[in-house]
Ligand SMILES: C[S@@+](CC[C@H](N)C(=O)[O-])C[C@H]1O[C@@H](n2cnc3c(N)ncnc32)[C@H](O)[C@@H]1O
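First comes one chain, alone, set out as structure tokens in the form predicted on its own.
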Amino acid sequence: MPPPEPVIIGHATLYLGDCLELLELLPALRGVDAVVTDPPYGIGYVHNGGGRGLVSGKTNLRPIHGDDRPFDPAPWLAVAGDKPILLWCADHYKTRLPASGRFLCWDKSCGQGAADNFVDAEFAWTNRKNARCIYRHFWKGAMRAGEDAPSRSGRVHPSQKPVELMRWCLDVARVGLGKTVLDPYMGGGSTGVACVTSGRKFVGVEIDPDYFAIACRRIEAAQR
């Protein structure tokens, strides 16, 4: 079976398909300079336990493909090798990660507001040892700061990350300008937007056609 034709938007190359299948079909995916991604990690995401997906405004966001089983980071650790790799929600599969490297913390609450059902922080793992390990950006439920705040754009993916956070990730992982970053679980495209607006090239893969279309639109807008 031949690989799908990519959608090329400026310095971004985007594929609609299963990233593990494409990894075998496209040897070029192994030649990237870094891997930065927020993978599905087995929490079986549904809204209110009803399997309907998250409803945000007028946008119905379906559960994440592949989030019904544990995540195995081994293929992407192999792709990265000694090159930079940064994986989000790594505390959920920490026993499958190398003992070396460093955990990063995204402080989502920033000390604002009372306790609620939203988590106060998320954790990533990187193979780059760096003194910078905490990023503070308010992002809880409908209360969000920055360029992805509701007043500027609606939530486009259940696990959407702020573009500002993903730019920080690229810096912490020490991904140089002009380098090519692979996100095999592209989702709504925040990593791609961070890359093209900070002088990096981007290769993204997304299996869900609707989220793929959203990522294409966001990355095209960022290129402009």
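Source: prediction; values computed, not measured. We number the residues from 1 along the sequence you see.
Here the subject shifts to the form predicted together with the ligand, a form of this protein not shown in this document.
For the chain shown alone, residue 195 is not a contact residue for the ligand in the predicted complex, no non-hydrogen atom being within 4.5 angstroms. For the chain shown alone, residue 211 is a contact residue for the ligand in the predicted complex, at least one non-hydrogen atom being within 4.5 angstroms. Looking at residue 159, you'd find a heavy atom of it within 4.5 angstroms of the ligand in the predicted complex.
Residue contact check for residue 17: one or more of its heavy atoms lie within 4.5 Å of the ligand in the predicted complex. Note that among 195-203, 24-32, 173-181, 160-168, the stretch whose heavy atoms approach the ligand to within 4.5 Å in the predicted complex is 160-168. Contacts between stretch 184-202 and the ligand, counted in the predicted complex as any heavy atom lying within 4.5 Å, involve 184, 185, 186, 187, 188, 189, 190, listed in sequence order.
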